[in-house]
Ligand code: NAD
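Have a look below at one chain only, the form predicted alone, in C-alpha cells format.
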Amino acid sequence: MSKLQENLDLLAGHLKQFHGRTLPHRINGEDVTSERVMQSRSPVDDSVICDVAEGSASDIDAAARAAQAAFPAWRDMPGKQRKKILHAVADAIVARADEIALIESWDTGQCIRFMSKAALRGAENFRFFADQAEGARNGQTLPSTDHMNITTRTPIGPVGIITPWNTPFMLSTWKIAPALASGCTVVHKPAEWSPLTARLLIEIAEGAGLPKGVWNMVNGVGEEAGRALTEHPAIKAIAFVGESSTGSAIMRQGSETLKRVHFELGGKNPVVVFDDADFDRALDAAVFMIYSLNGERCTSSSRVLIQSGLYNRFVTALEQRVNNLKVGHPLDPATEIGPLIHPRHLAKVTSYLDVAEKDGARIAVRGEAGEGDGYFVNPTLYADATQNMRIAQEEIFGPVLTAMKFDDEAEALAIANSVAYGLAGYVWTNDVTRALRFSDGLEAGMIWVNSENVRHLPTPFGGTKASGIGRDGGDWSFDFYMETKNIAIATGQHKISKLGV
C-alpha cells in the first residue's frame, strides 16, 4: 500500500466525526447550532466535508458573555494551575497530531509534509506559553528617593481572536495560548474556509481541563460574526491574522469601544541575494520560502532581488527548480505544492499572468490552473520585473515568485522598501558589515540573514507599515493581553504638601 493510500484510509476514519452533522459552535462548554449553515469543501476535489453553523451577532453575544462570566475565576487562578492545564493541552495535541495534520491538509490543501510539523508546532506554542504563565504578571521594583514603585500586570479581560485559513491550527495556538496563559478568556472565530481543526483544538482544550466559558468558538463569516466580535463591548481586544484591508476594517469597527488591536497582516517580502552570497543555500531558501505551504503564508519571500553579476545564473537555476516542483495530492508525502484554498483565491492568483504580461515582465515559468475538480495551480516564476509592476507591489499569496535585478546596495534597499508592506526580509551575503547595515535600513519587522524563516518563540514576531501592529512571542505577547499597573508606595521621608493650613 502506498503512503498516499494509507493516509487516505486514515483520513476517512477521522472525517467520520464530521459526516452527517452540522459542525456547531462551542459556547460555554456546550454545542450550539444556528439556523443558517455554510458548507466546508475540500480544495483537493471540491467535495463537501460537512455543513458548518453560520454564526450570527446573537451567537457572538452569547460567547462574549460566557467569556466575560468566566474571566474572574480564570484571571484569579494561580499561574501554576493554568500552566498545568496548558501543558495538558500540549500533550493532547501531540497525541492527536497525525489526525490534526490529515484533517488540516484535507481542509486547506496544504501538503501533509508541512502540516505534520505545523500540528507539533501548535503543541510547542502551548508548552512555551504554559511555562510563562506563572511569571506573566511579574513586573519590577523601581526605587526613587521617596517612593518605591512596583509595576505589575493584570489580564485585560475577554479577547476576540480571528484566525486565517492558510495554516489555521498552528496560528490559532499561536494566538490563543498566550491569551490563556496571561489569564484572559477567549472568543475565537476561525476562518470560514477552513474551520475543522478549530473544533479539534477546543475539544482538546476542554478535555485537558479548561473550565467552561474560558474558551468559546463561533464559526461564521467576517461580515457578520467577525464584525459582531470586533464591536462587542465585552471584548477588550482583538488579535487578528489576515489581509491588511480587513485589519483596517477591524480598527474602524473596534474604535467605538476603544479596543486594543494586534494585527499580523500581509506581506511582499524580499529575499535579497548579493553577488557574494552562498549560491546554493540562497537558492534553496528562495525556493522554499515561496513555494512551500503553496505560497499561502504571510512571511513568504515573494520577491527575489538579485545583484546583477549573479542575476542570469540565479534565474536560470530558479527556472530549473520551479519546473521540477511536484504538484499533486496533498496527502502524498512526495507532493510539494497542493491545491489552493478556494476557487476564488485560485482565480486571483492566476489572474496575475495577464497582469504580468501587460506590464512587460517575462514569464519564465507559467503557472496555469490545473485540471480536475480541485483548486490546483502550477508554480509561477516572473523574471525581469521592475519595482513599479503590480507583480512587484501586490500580495499575490500563492506559489508565485517575482525576480528583479539590482546593481548596488542602495538600489536593492530602495526596491526592497518600495512596497506598502514591511513584514519580513531575507538577506544573503557573506559581508557581515553589509548584512547589518542593510538590515538596519530594511523596513521590516523581522529579518533573517543567510537563513530561511526560522521561528524562535522568545523573539518578537510582527511587521511594520501595512503588515501589522504589535508583536507576538516571548514577553511581547503579554504586553498585548495584559495591562501594566504601577503602585507607588511612599517611604518615611516623603513629605506631603500642605494646603489651607
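Just so we're clear, the structure is a prediction, and the values are computed from it rather than from any experiment. Note that residue numbering begins at 1 and tracks the sequence as displayed.
What comes next is about the form predicted in complex with this ligand, which does not appear here.
Within this chain, F438 is remote from the site of this ligand in the predicted complex, having no heavy atom within 4.5 Å. This ligand is not drawn, but in the predicted complex it has a heavy atom within 4.5 Å of K189. When this ligand is considered in the predicted complex, F240 lines it closely, a heavy atom lying within 4.5 Å. Using a 4.5 angstroms limit between non-hydrogen atoms, L346 is distant from this ligand in the predicted complex.
A heavy atom within 4.5 Å of this ligand in the predicted complex is found for exactly one of N166, S302, T380, N125: N166.
E395 is the sole member of E411, E395, E336, D384 with a non-hydrogen atom within 4.5 Å of this ligand in the predicted complex. In plain terms, the part of the chain that comes close to this ligand in the predicted complex, with a heavy atom within 4.5 Å, is 225-233 out of 83-91, 363-371, 314-322, 225-233.
Within 4.5 angstroms of this ligand in the predicted complex, the stretch 475-497 places no non-hydrogen atom at all.
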